[in-house]
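As a starting point, one isolated chain is supplied in structure tokens, in the form predicted on its own.
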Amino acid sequence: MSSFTIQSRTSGSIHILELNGELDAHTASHLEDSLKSLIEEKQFNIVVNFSRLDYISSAGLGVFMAYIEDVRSLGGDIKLSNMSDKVYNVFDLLGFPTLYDILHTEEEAIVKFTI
């Protein structure tokens, strides 16, 4: 079984999810639950920090696709940061850089919400 955790914190009005471990078919529901909870709490400015994510599967990518339109329709966004080259390549292969702001650091992602 895959090891996966999500640490959650805030920076002002921005909610940060830090992913740890492997995001795959077995663990994608944890991320889905976290995003659902944020939407229910009316937290629509979200940064997902990938600095501790070792692996992402298509199931993990699917969670992002499932929620981005909902969050944007509510006036927010999901910005992605701190990806390793390996994880970024998976996103890039599927064209995600044209759909999401993917930034080098969490701080850059937070600043994007103020621009």
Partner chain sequence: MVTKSKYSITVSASTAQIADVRDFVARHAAAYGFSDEDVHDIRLAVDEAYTNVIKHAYNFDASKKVKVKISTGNGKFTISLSDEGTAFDPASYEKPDVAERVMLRKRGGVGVYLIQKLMDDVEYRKDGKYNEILMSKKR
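No experiment lies behind these values; they were computed from the predicted model shown. Residue numbers count along the first chain shown, from 1.
What comes next is about the form predicted in complex with its partner chain, which does not appear here.
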| property | result |
| --- | --- |
| 32, 65 and 69 all contacting its partner chain in the predicted bound form, non-hydrogen atom within 4.5 Å | yes |
| One residue of 83, 38, 48, 56 in contact with its partner chain, assessed in the predicted bound form (non-hydrogen atom, 4.5 angstroms) | 56 |
| Heavy atom of residue 22 within 4.5 Å of its partner chain in the predicted bound form | yes |
| Residue 99 within 4.5 Å of its partner chain in the predicted bound form, heavy atoms | yes |
| Stretch 72 to 99 - residues with a heavy atom within 4.5 Å of its partner chain in the predicted bound form | 73, 86, 89, 90, 93, 94, 96, 99 |
